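This document opens with one chain alone, in structure tokens, the form predicted alone.
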């Protein structure tokens, strides 16, 4: 039975909520709304499945899976379990591309179950094939009752004080308009609504680029860490390699670096990938014996924010609201949890009947906006300090005074405090080292600023 509005607009819409984008944020929100019997429609530009970067999850996603009755589906899919993460440094050798001289090796790993809480759902999360994972989430939303259209491009969103918002779409040269009570932009880094409303702010600090692909037959070894996410530090500033298991035999590898190191020529970019991998000789040798499954793909212009996350008749979720450098696998977690928090405000507005003559206003999303700003700010502070610490981060994680607090952040628990105390400690250490050029560890600091990017 559909949830009844206590305050109805004379001009009833075709759907209560229109969602642009069927990725993790859009499909998760559609599932929450459908569970609450709120009619919603999802417009997805692509035809699923389609490949996508962002293949490693964090434990904070498990709560969403549980609430949507999706955990069993994840298990049945056979995705590798992710019990932890590890960081490695490089060999003490100088390489090409003006690689700096390198400090001694540092390495560290963490297990999620080290931080035991009463709310823990499991001691692992998942690595996923995003093509398969995203399709499963979208099909789950449809199964719960959401109306889903794939291969449909949103061309414009129209807002009017006297009418419901309208979403204009195009498919096979045919146009359509759909009236809704609320527009949700879950279009990811296309940021359709944010761009239309001129809300987007480019990150002044992070300007990261990535080149990545899949390999079959890479030997991950037989240790308990073989299915961890690995971050391999590189001997150039603010650069690293990811290593993510996708299946028993397939592993995703990517090199992330700043724009200044990223050539405009495709051939040179691929050479750069392999030169970076060479800084980890054991990985390089095994990777050369593996089979590359996909052509190299590139990602650019990583981080940005929005002037606001919501307004009269609209709300932004997932990457459409905020994209933070993905070194801690934050993308899918922010997508799922932002959809979860947004659903709370949407459902509450319907249940309490406090819509303004049947319309959503920005005031209805005050709690959502506050929580999401707090969480993404904490992610950003963490990542900024991480890059500033560079390989010293591994020393920090080894410190028993801070280890569990760091693991909590790495698990995605970033929304319940204005600023976790461990971030204050990290900032204190960075400040002490950077203000003393004679400090033994001064030269090991990264060169990115530790100041957080705060959209106005």
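Numbering follows the first chain given and starts at 1. Quantities reported herein were computed from a predicted structural model and do not represent experimental measurements.
The next section is about a form of this same protein that is not shown, the form predicted in complex with a small molecule.
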The small molecule contact at residue 342 in the model of the complex, heavy atom, 4.5 Å: no
4.5 angstroms heavy atom contact with the small molecule in the model of the complex for residue 20: yes
Proximity of residue 329 to the small molecule in the model of the complex, heavy atoms at 4.5 Å: yes
Residue 43: touches the small molecule in the model of the complex, heavy atom cutoff 4.5 angstroms: yes
Per-stretch contact check against the small molecule in the model of the complex, the hit in 421-429, 62-70, 394-402, 45-53 (non-hydrogen atom, 4.5 angstroms): 45-53
Selected contact from 154, 148, 371, 283, since only one has a non-hydrogen atom within 4.5 angstroms of the small molecule in the model of the complex: 154
Candidate from 337, 187, 125, 279 lying within 4.5 Å of the small molecule in the model of the complex - any heavy atom: 187
